[in-house]
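As structure tokens, one chain now follows by itself in the form predicted on its own.
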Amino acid sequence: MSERIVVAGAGLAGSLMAVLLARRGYDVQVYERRGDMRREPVGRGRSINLALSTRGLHALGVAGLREQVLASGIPMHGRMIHSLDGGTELQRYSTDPGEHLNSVSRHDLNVLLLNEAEKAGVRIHFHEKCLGVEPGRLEVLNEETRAVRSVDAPRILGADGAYSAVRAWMQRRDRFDYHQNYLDWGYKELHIPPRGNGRHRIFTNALHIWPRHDFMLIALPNLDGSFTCTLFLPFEGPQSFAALKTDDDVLRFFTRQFPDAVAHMPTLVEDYRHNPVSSLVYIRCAPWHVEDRVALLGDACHAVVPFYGQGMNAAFEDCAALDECIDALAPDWQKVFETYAGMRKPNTDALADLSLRNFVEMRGRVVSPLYLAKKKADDVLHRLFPDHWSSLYTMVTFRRIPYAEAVERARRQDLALGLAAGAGGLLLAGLALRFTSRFR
């Protein structure tokens, strides 16, 4: 009889992990609080579209799903910056045309992963809310029958999101560190529909940003010709969700701040009125596991704000890392979990800081002369020294360099660039990097 592993949560990370485990021959049981999204309506207005990149694609490739997912994505080659006067500028992510983001539907990707999990033999139990953990058992509540039961769970993986019930049980144990922080900004989902002929109303192959310093609007393309838009706005203040009290307030605000977007948003007022405002939270915790019995992955242990487009990619990278540790170290599950957490936690902590920093960049700095000059210098130096110089964004998004290492490499590059600035040459920056990299 195969060993049982219970996964709490059938979201993106839980479903992918279930696929990987089932393909290794484990008896995988998944318990999910929500209903089956393939058969039941999903809550409106809470999905930030996903930007799939190298780390996530690698993990999907481990599961044999990379090409299938890419077939339903839309390449985004850069940021399309929309200025207040209606002008636009495409800032390419990379000088390499093969390096781009992929806009994918969260719903469609989750459906694909659920289907693949069931094909691999995973049993998924819906409407089953995790209440807590006991040694070798998972306590669940069926939200339809209200029946509480205890299920056999010799090994438990908590992939149940930022408000994880598995982590909540771990928090009650001695010497568990937990930090939760909310931003003063929230987000609301909006919509740009397709043209009558099914084509996109604005440029298709880009992530569109309307940066306004203290707030911003973004839009990601969908296969049906629409765009999923997200407004990031402070909760309070003169330009905030609290200040937009009436339909007229909403129209005036959008007409003033995003005039070229309003022309493509015929259902703006209705969408704004009906879609909820959601909060932005980031979480750090330690340890990620309890002995050889329980471990966390994805948002349950490292929720981040979405401004580097790495939340899903990092969660998928967790799955690939845990799968790698299982391959090398199982059945010593304590060693599996210890090694996995040691690999991942320093890097997801670095990602949390990067994501906060990138919010400031996206909502304002992308139009600053200093940012544009630095980006140009990074591009030139990468062409001159491809083995020694890559921008931080490239290392995070288009490489699988550990996040913390990417931050350290970028720090050394900035030091080299500073040394070269006084000497007056980018060539000197590359040479300085080769010198400073000897002193890590």
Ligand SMILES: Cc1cc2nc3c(=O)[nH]c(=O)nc-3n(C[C@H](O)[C@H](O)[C@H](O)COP(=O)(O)OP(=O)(O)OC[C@H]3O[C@@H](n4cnc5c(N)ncnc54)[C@H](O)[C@@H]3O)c2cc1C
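Every value quoted in this text rests on a predicted model; they were computed, and no experiment measured them. In case it trips you up, residue 1 is the first one in the sequence shown, and so on.
This next part talks about the form predicted together with this ligand, which is not shown.
Engineer: Quick check on Trp210: any heavy atom within 4.5 Å of this ligand in the model of the complex?
Structural biologist: Contact with this ligand, no.
Engineer: Is the gap between Ala51 and this ligand in the model of the complex 4.5 Å or less for some heavy atom pair?
Structural biologist: Yes, Ala51 lies within 4.5 Å of this ligand in the model of the complex.
Engineer: How about Pro221 - does it come within 4.5 Å of this ligand in the model of the complex, if we only consider non-hydrogen atoms?
Structural biologist: No, no contact at 4.5 Å.
Engineer: How about Lys129 - does it come within 4.5 Å of this ligand in the model of the complex, if we only consider non-hydrogen atoms?
Structural biologist: Contact check for Lys129: yes, within 4.5 Å of this ligand in the model of the complex.
Engineer: Which one of these stretches, 332-340, 161-169, 148-156, 236-244, sits within 4.5 Å of this ligand in the model of the complex when only heavy atoms are counted?
Structural biologist: That would be 161-169.
Engineer: Using heavy atoms only and a 4.5 Å cut-off, determine which of His200, His264, Arg106, Arg363 is in contact with this ligand in the model of the complex.
Structural biologist: Exactly one residue meets the criterion: Arg106.
Engineer: Output the sequence-ordered list of residues from 82-100 with at least one heavy atom within 4.5 Å of this ligand in the model of the complex.
Structural biologist: Read in sequence order, no residue approaches this ligand (within 4.5 Å, in the model of the complex).
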